[in-house]
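Single chain ahead, by itself, as C-alpha cells, in the form predicted on its own.
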Amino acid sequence: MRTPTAARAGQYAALLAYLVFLALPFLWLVSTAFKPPRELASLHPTWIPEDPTLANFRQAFDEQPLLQAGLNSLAAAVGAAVIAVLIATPMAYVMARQRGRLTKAATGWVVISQSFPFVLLIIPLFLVLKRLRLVDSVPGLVMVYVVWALPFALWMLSGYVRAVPVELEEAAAVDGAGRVRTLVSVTAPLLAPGIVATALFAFVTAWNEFFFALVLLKTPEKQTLPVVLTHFIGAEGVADLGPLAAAAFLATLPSLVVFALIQRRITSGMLAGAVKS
C-alpha cells in the first residue's frame, strides 16, 4: 500500500513532468527567435544562442504588418470577452437559481454545443454575417467569437453562481431589493473572481483563434495575428524560421502578461466555481 508521502511525491513528479512538457516548446521558441541564420541552419542546435540577435524581430516587422494584426487581435479578443461576460452573467444566474426542465435542457444544450466542430458552424455564421454586411470586418469576427465563447462562459459562471449562498440573496430580498438589484449589488461583487477568470479564458480563446479569422477576414489590414503568422510560410511549405519564431514569441506575450497580472483572481475564481453551496 502506498504511503501518503509516496503519493504526494508521485503527484509532484507528474506535475513537474507536465510543466516541463509545456515549458520546453516555449523555451525553444524563445531560443530560436534570437538565433542568427547560421545557428538556425546548424546540424547541432543549442538551447542558448551563441550569438543572439534582434534581426529576426526587425525582419518580422518589415515583412508583415504585425502591429496592425496585433491591434486587430486585441480588439477582437477584448470585445468578445467583454460581450460574452455581459451576456453570460445574468443567463448563468438564471440557470443556476431556477431549477426546472427548461433549465436542465439549456444546460444540456450548452454542454453538447461544445462538441460541435468548427466546420459545421462556419457556413451558417458566414451567411448571417453576409446578410448583416459584417463579413471581412473585425466587428463581425467579434460576433462569431461571442457565439463560440458564450456556452463555455455560461457553464463556468453557473458554477460560480451556485457557490454564492442563497441566504445572501434572501436577506437582500427581505430588505426590499429586487432580482436585478440583488444580482448587481450582492451577487455580482462575489462573482468578481469568476467573472475575471471567465473573461480571461474567453480572451485567450479569441486571441489564439485561427480558423474563423482565416475564413472571414480577407483584407490584409484586417487580419489577426494567427493568420498573419502563416504568411511566414512560403508556397512550398518552407518556413522563414527566424522571423516566424520572433513573431510567434511576440504573439504569445500578451496572454502570458495577462495571466501573470491576474493569476490570483483566476485561482480564487476556479476554486469558487468548484465548490457547491
Partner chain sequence: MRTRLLAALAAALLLLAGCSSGATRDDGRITLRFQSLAWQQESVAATKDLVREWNAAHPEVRVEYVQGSWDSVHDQLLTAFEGGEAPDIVHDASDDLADFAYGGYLADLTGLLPERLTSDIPRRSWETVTFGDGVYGVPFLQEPRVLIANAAWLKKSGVRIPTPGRPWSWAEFRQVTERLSGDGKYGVAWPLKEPVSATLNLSLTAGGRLFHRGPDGKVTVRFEAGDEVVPRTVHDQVGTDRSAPASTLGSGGSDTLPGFFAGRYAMVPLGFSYRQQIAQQAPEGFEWQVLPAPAGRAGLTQGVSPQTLSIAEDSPHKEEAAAFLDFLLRPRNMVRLALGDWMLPTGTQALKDPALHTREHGWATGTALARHLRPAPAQSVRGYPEWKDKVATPALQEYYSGAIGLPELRERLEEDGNLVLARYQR
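Think of the rigid core as the biggest set of C-alphas that the two forms share within 1.5 Å after superposition. Residue numbers count along the first chain shown, from 1. Treat the numbers as computed from the prediction; the structure is a model and nothing was measured.
The same protein also has a form predicted together with the partner chain, omitted here; what follows describes it.
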Val204, Ala75, Ala171, Ile122 - the one with a heavy atom within 4.5 Å of the partner chain in the predicted complex: Ile122
Heavy atom within 4.5 Å of the partner chain in the predicted complex - residue from Leu132, Val196, Ala177, Val184: Leu132
Heavy atom contact within 4.5 Å of the partner chain in the predicted complex, the stretch among 158 to 166, 188 to 196, 67 to 75, 133 to 141: 133 to 141
Distance check, Glu209 to the partner chain in the predicted complex, heavy atom within 4.5 Å: no
The partner chain contact in the predicted complex: Phe249, any heavy atom under 4.5 Å: no
In the predicted complex, Ala105 touching the partner chain (heavy atom, 4.5 Å): no
is_contact(Pro49, the partner chain) in the predicted complex, heavy atom dist at most 4.5 Å: no
The partner chain in the predicted complex: contacted by all of Arg38, Ser42 and Leu214, heavy atom 4.5 Å: yes
Residues within 4.5 Å of the partner chain in the predicted complex, restricted to 147 to 168 and counted by heavy atom: none
Large Cα move at Arg179 between the shown form and the other one, threshold 2 Å, rigid core: yes
Residue shift check between the shown form and the other one, rigid core fit, Leu67 Cα at least 2 Å: no
Displaced residue check between the shown form and the other one: Ala41, CA, 2 Å or over, core reference: yes
